[in-house]
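Single chain ahead, written as structure tokens, the form predicted alone.
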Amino acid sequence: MTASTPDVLIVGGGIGGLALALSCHQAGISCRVFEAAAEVLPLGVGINLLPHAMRELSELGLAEALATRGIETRELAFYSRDGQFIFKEPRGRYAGYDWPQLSVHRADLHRVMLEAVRERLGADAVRLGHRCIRVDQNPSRVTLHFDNGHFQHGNVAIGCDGIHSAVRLQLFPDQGPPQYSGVNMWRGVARWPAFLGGATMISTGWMTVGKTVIYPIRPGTPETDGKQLINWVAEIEQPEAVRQDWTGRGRLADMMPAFAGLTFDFLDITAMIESTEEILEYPMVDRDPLERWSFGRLTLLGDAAHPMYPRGSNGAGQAIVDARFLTGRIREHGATPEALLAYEAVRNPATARVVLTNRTDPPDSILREVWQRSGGKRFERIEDVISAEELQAISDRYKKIAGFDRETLRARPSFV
């Protein structure tokens, strides 16, 4: 055990855990992060940070560092599998928000946050090689036990250790594995010439026959001949799930021919996918919302609390909002069970709505509606299939449920 006893013990050094550490530091609350991995590696591919997440990251002083590494998204556009235009709308500051929508490599986001934690909280603020195996508590304190024999006392502990959370498993030992949606996903990044102006996120097709989400995450440089780093996700309905391993390697043969022959006027999707050096695979999974997260001096945050389908570009954003809101409650009530209950009372129902909406009516359900109404066939005019008002309503409805509609976000007081 360390000599000092932090107010907040954070289990997991991912995006949610680091956002919580930075927020606690900003609020003058002592904390320490414990991460199972022995080494920080540049994992993952692209991530989209919506305005509600960028507001919180901006208030943490990270916006400038992130902007130099990512791409500020100008618009989101939907196309049929044949490349027929369906719908588009401006995003972030181009839509009148006070904060941008930013597309960035997950490793770049994590690096910026980790460096900020170490700079502001100290080099030892994040303890690597500390896998939490048990959490004990009594009326006055909580204790984390790690697989290396170490332990740490604190006032409250927050499980930020992801969809396969050890903390959640201790609280809910009979939960079973995450639930498979019937859709598998392949992800990758490729150096490719900019398309549609270099700041557009596109979504195409539908999961029945193959859906893609594509957007740039790093600017081009002279060393890359001006080619941007493009993130792509390919999704297809399949009866059996691939393995649940975020670093699991995928093969072209497993996803083709569903994504063969996708060549639009502005982008050869198939060629871009085939040029990818490393493909990752993962099933689209989530868990049913929990009735409660908090047990005395212990609670959950981010994917440990509310894992959701990656539809709507919203998972990391909700974890960041969790962290900021929880910090505000700890500042208000102290590092106490009351603070955790106040956090859960607001964030549990809010994120439950997002989990359920991501199953049925996220923004990409625009593609589902067009696919179903057109019978998967080419159409002369999108207006003959679905009205512009219906398409906009789907997008606007999700913004409100996820908490980033422009008016609400602008009017909301700061969490911390």
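Source: prediction; values computed, not measured. Just count from 1 along the sequence shown to find any residue number.
Absent from the display: the form predicted in complex with a small molecule. The rest refers to it.
A.B. asks: Within 4.5 Å, heavy atoms only, one stretch in 130 to 138, 191 to 199, 323 to 331, 172 to 180 touches the small molecule in the model of the complex. Which?
C.D. replies: So the stretch in question is 130 to 138.
A.B. asks: Does any part of Ala316 reach within 4.5 Å of the small molecule in the model of the complex? Heavy atoms only, please.
C.D. replies: Contact with the small molecule, yes.
A.B. asks: Would you please decide whether Leu50 lies within 4.5 angstroms of the small molecule in the model of the complex, comparing each non-hydrogen atom pair?
C.D. replies: Leu50 lies outside the contact set for the small molecule.
A.B. asks: Considering non-hydrogen atoms and a 4.5 Å limit, does the small molecule approach Trp246 in the model of the complex?
C.D. replies: Result yes; Trp246 sits at the interface with the small molecule in the model of the complex.
A.B. asks: Any chance Val11 has a heavy atom within 4.5 Å of the small molecule in the model of the complex?
C.D. replies: Yes, contact at 4.5 Å.
A.B. asks: Just one of Arg297, Arg311, Arg91, Arg187 has a heavy atom within 4.5 Å of the small molecule in the model of the complex. Which one?
C.D. replies: Checked against the cut-off, the match is Arg187.
A.B. asks: Name the residue from Gly154, Pro216, Gly162, Pro100 that puts a heavy atom within 4.5 Å of the small molecule in the model of the complex.
C.D. replies: Result of the distance check: Gly162.
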